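In the form predicted on its own, a lone chain appears below as C-alpha cells.
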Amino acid sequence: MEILQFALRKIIGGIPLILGVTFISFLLMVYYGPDKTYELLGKNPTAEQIESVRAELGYDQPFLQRYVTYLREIVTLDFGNSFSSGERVNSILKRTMPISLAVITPGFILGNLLGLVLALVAAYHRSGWIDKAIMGFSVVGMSISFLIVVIAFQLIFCSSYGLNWFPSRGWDVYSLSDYLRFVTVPTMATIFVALGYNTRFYRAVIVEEMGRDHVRTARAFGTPPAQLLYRSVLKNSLIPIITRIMFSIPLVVISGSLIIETYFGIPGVGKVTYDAITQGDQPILKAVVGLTAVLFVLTLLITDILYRVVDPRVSLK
C-alpha cells in the first residue's frame, strides 16, 4: 500500500514535467516545423483545396485547442495517422519499438556491467598502472564522437576495406544467428563509447566509498578483494549507480537508437524519428516526444522505488 501511494504521488508530481516538455516541443513544432499543406497539394492548389487540407491536418484550429488535443492523444495513446505514410502511428511504434529495444539493450547492459567491473578494478588499484591504463582508455572513449565510432566500426567489421564479417545495413532477422550478425557491430560501438563515461563515473563513486572507515578497516583485516569490493563497496554505492543507469535510459532510447538505426538502416524508433524530423511528420514526432516525457516520469518513479530496495533507510515519503 505504501508503494502504491508513493507511486500515485510521484505520477501526479510528474504531470507538470510532462506538461512542460510537451508544451515546449509542441510550440516548436507548430511555429517552426514545416507546413505539410503544399507538399500534400502539389503545385497551383485552389483556395478551397488549401482550406480543406489545413482543416484535415488541424492547422486551422487555435494553438491551445491543438495542444489540448495533443494531451488527449497522449492520455489515450491514439496519435492518429502519419502524414507521410498514412499508417497509424500506434502501428508504426508497435512495429519499431521491439526492434529498437533489441538493438540498444545488449550494448546498454554490457556497457554498464563492464563499466562497473573496470571501475572496481581501477578503484582497487588506485593510482597504479592498472588504474591509469583503464582511465586512459576511458578518456579515449569519451573523446571520440559516437558517430565517428559507428563509422569506424562499420568500416572495420562490415566493409570490404576491413574484415567484412557482418552486414553493413538492414535488419533481416529471422533467427538467433541473424540477430547476432546484425546486432554485434552496433553493440560494440555502443559499448566502446559508453565504457568511457560509465567507467569514469562509477570509479569516482567507488573511490569515494573506498575511503570510508569501514572499508579501510575491512581491508586492514585482510578481507579478500572480491568480498571487499562486493560487500563493503559496491552495495553501499548502489544509489548513485542506480541513478546513473536509470536516468540514462530515456537518453539512450532516443539519441542512441537514432544514430545507430539511421546509419545502419535499422527500421526502429530512432530511424522513424529521424525520418519524421526530416519530413516534418508531426504525428510521429508528437508521439515520440510525449512518450519520452512519460518514460522519464516512470523512470523517476522506478528509481525512487529501487532506492528503497537497495537501502531500507530511504523513505518513500
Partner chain sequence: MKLFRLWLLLGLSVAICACGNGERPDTTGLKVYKVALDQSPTNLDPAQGATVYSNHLIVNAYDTLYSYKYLARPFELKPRLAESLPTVSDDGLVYTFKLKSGVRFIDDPCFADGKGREVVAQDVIYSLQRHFDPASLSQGSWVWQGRIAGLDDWQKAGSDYAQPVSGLTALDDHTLQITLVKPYPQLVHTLTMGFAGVVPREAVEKYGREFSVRPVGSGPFRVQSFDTTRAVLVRNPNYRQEPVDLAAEGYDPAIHQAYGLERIAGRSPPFVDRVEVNFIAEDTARMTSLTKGDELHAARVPSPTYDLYLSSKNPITLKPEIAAKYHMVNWTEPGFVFQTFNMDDPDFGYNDDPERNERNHALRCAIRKGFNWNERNERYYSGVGKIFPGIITPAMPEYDTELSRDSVIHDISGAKALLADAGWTPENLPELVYGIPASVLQNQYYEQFRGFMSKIGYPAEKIVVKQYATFGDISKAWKQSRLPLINKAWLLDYPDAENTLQLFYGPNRAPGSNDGNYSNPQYDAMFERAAVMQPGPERTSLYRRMNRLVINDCATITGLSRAVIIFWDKRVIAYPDRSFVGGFYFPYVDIDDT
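Numbering follows the first chain given and starts at 1. Every value quoted in this text rests on a predicted model; they were computed, and no experiment measured them. The term rigid core refers to the maximal set of C-alpha atoms that superpose within 1.5 Å between the two forms.
The form predicted in complex with its partner chain exists for this protein as well; it is not shown, and the discussion that follows is about that form.
Peer 1: Quick one: is N81 in contact with its partner chain in the predicted complex, heavy atoms, 4.5 Å cut-off?
Peer 2: Judged by the heavy-atom cut-off of 4.5 Å, N81 is in contact with its partner chain in the predicted complex.
Peer 1: Should Q154 be counted as a contact of its partner chain in the predicted complex, where contact means heavy atoms within 4.5 Å?
Peer 2: Yes - in the predicted complex, heavy atoms of Q154 and its partner chain come within 4.5 Å of each other.
Peer 1: Decide whether R244 counts as a contact residue for its partner chain in the predicted complex under a heavy atom distance cut-off of 4.5 Å.
Peer 2: R244: no contact with its partner chain in the predicted complex.
Peer 1: Though only this chain appears here, would I99 touch its partner chain in the predicted complex if you measure heavy atom gaps against 4.5 Å?
Peer 2: Yes, contact at 4.5 Å.
Peer 1: Hey, which residues along 157-186 are within 4.5 angstroms of its partner chain in the predicted complex, non-hydrogen atoms only?
Peer 2: Contacting residues: C158, S159, S160, Y161, N164, F166, P167, S168, R169, W171, D172, V173, Y174, S175, L176, D178, Y179.
Peer 1: Just checking, between the shown form and the other one and with the core aligned, does R54 shift 2 Å or more at the CA?
Peer 2: Yes, the C-alpha moves 2 Å or more.
Peer 1: Taking the rigid core as the reference frame, tell me whether Q65 has a CA displacement of 2 angstroms or more between the shown form and the other one.
Peer 2: Where the cores coincide, Q65 shows only a C-alpha shift between the shown form and the other one that is less than 2 Å.
Peer 1: Does G280 show a Cα shift reaching 2 Å between the shown form and the other one after rigid-core superposition?
Peer 2: Yes, its C-alpha moves 2 Å or more.
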